[in-house]
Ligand SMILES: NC(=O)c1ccc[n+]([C@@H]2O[C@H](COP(=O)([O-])OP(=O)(O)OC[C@H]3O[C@@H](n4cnc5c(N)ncnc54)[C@H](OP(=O)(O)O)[C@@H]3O)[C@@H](O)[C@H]2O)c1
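This document opens with one chain alone, in structure tokens, the form predicted alone.
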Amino acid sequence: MKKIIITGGTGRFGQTLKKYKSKYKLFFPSKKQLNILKFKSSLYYLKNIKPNYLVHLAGLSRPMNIHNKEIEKSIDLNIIGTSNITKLCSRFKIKLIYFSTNYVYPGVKGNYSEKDALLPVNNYAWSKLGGESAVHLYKNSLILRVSMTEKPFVHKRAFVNVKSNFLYHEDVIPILFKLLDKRGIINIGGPTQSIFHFAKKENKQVKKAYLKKNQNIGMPYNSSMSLKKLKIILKKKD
């Protein structure tokens, strides 16, 4: 049975992943067992487990403004930590799957393909792109630019004039397992729609909100991605 190490297993997506039954043997190391900022201890853990794959989820995400307030923490966890993991995967020839974000795209016109130019919309996205830079150097890797959120939708309001292609965590997981042996970059998301329209399907109580031009919260108006590459891969898998 092939082994997969999941970093960041205590996060929202990691917790959902723990409930998923797969044909792989999954390992969810604690921070004490595998601390992405402690190279030597992480090295010993990987050497002991000898995984075939490593799915890198660990890092700093929300609240989004923490990346403005605590840039050292953002740099350490999302850039340096990811660099350490990349070096370790390279050393032990482990396939690395890195979870990035659709926010690395400019967020203006939408429908961004994997080959489009990048311009992160906030410090969080810059930190994730910093992680991507390290992962790119290692050829046996896959970068997933994902638009996802937890279910149910956690906010009481959702933007009507902001487009994305959110998927719930539960819907991303089966896609992940179909992509483990792919390399390069793949966009993952659902149909392009307003955040309000997406949230309303599961939460009828969600209220409308509008993103204003002078509202400086680092939110793009349209960060939707082209899913053409993903659909071709999944069609071949089915």
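Start at 1 with the first residue shown and count on from there. Fair warning: this is a prediction, and the values are worked out from it, not measured in the lab.
Omitted from view is the form predicted in complex with the named molecule, to which the following refers.
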Contact between Val146 and the named molecule in the model of the complex at 4.5 Å, heavy atoms?
yes
Ser22 near the named molecule in the model of the complex, any heavy atom under 4.5 Å?
no
Tyr105 near the named molecule in the model of the complex, any heavy atom under 4.5 Å?
no
Quick one: is Gly218 in contact with the named molecule in the model of the complex, heavy atoms, 4.5 Å cut-off?
no
Please identify, from 203-211, 46-54, 175-183, 31-39, the stretch that has a heavy atom within 4.5 Å of the named molecule in the model of the complex.
31-39
Contact check, 1-21 vs the named molecule in the model of the complex, heavy atom within 4.5 Å, ordered by sequence, gives Gly8, Gly9, Thr10, Gly11, Arg12, Phe13, Gly14
